[in-house]
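This document opens with one chain alone, in structure tokens, the form predicted on its own.
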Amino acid sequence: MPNAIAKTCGEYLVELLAAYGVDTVFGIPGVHTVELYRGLPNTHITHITPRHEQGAGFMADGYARTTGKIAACFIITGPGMTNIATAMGQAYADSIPMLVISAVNGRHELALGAGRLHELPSQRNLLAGVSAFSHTLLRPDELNEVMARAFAIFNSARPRPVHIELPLDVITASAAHLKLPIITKSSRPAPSPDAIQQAAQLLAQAQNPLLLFGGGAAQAASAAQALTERLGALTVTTINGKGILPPAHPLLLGSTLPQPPVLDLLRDADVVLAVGTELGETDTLLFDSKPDITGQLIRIDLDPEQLYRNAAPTLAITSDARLALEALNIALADHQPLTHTATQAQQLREQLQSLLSPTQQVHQRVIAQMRAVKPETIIVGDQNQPVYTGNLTDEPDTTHAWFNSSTGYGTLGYALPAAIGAKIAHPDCPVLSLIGDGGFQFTLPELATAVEQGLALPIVVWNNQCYGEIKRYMQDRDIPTIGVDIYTPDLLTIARGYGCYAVRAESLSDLQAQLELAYQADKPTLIEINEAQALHW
């Protein structure tokens, strides 16, 4: 019996998490995972209970994305794992670390199909496609080594989810003989000096270089800005690279890569330096083709496989972004920057602004109002039309202050739980969730989690009673708009039923006033924006 054991493997695992600095767990207890909870009171780890395992994963994503710290998820066997798979897919696509701990049926029962509770043919294989690795612990003695592998990936490789499952007879087995290891943090790869010299030579000779910084360069903002100014080069970021340069920087063109004038720049630059980006479809919006680059392409990435995806490099450098950019700054210390580019950047910014449609200009004003209330706000978005516009127009002061699920995997329902995770991680920082009425209904029950935690979280719902972007896509292709006009319930009443404050913003100035109140509240505030009304703001 578990109570007769001095320390079970489940208890030891919690001690081990604490030793690695994990301070938050998102999870819903089940009969297969309760052994993980026995040891929690003996640690400083806080447990947050979502209302669905997908919410647990999104919360861990928002927590990690805004802190760089790992949150764990305690997930039950079977349905818990299929529920969290979508959140792991989003984190996998966006290179977000996440530690998912689950139970699984006993070792002697695996893959037998005997009708056991929560049984899957192979839970480990199911999660293998959305994780850096998925491991079944066959003995408590393996735990130290497996956990060390997980944190080696989080600290030194392209960060991604890791799944560790404990069979029911292992999670309750004795681990009294195990000793907590001495935690050693592995380093990230540094660039080859020869490769840096080659890159510096190409960049020094360039007459119209273009710098492109992705989410993989977010921890290298200072070095990235220094290189931009040393070269005098026009600079673009991906959506996950927003904030690497200050919004008013004279050489920044924002995250406008999908816009035709910037794609022309990418094509015509004599040298492109792409750092920490896969040049993916959701960065370029080139759905039927790859980026057209005619000049020399230097790629820097932590993951060597990423160096060859979507565009073949002239020079490929496997390295941590910060280490590589700092080395380039040293190698180019005597370089004289180009002087014509600031004027060129100003003309391009004006051209890009003129390309926004009247509807996009409304979205831009709404998001600008959100920024104006508290410029440091972390805006967590979903897949919806205002977010798509904000991807082109919003430029925060810092990295990770604008992120959403339109990048990579592209799931709906992300914004509310991910914002909850970010707010838990940053209780004194303003955090806002921006979501459409369709996506909101994917994870709406997480309102209960936000109320339970007493979060002063504005949840701005853009309500057009449809899946708006898909409806427009069908209309543009003369396809009958079937399945996209949806019944949306009275969200204000529902939010109040959960214990939230709830209001409808009637104007831009009213939105500002409601946001100011929401940030001072003792619980979440749902702020509905009716699209038909807002398009006249």
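If you're wondering where the values come from, they're calculated on a predicted model, not measured in any experiment. Each residue number is its position in the shown sequence, starting from 1.
The protein also exists as the form predicted together with a small molecule; that form is not presented, and the subsequent description refers to it.
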- Query: Among T377, W402 and C429, does every residue place a heavy atom within 4.5 Å of the small molecule in the model of the complex?
  - Reply: no
- Query: So which stretch, 303-311, 165-173, 250-258, 462-470, is the one near the small molecule in the model of the complex (non-hydrogen atoms, 4.5 Å)?
  - Reply: 462-470
- Message: Considering non-hydrogen atoms and a 4.5 Å limit, which listed residue (T443, N384, T237, S102) is close to the small molecule in the model of the complex?
- Response: N384
- Item | Single option in P159, P191, G216, G439 placed near the small molecule in the model of the complex, where near means a heavy atom within 4.5 Å | G439
- Query: Hey, in the model of the complex, is G410 touching the small molecule, heavy atoms inside 4.5 Å?
  - Reply: yes
- So, in the model of the complex, is Y388 in contact with the small molecule at a 4.5 angstroms heavy atom limit? yes
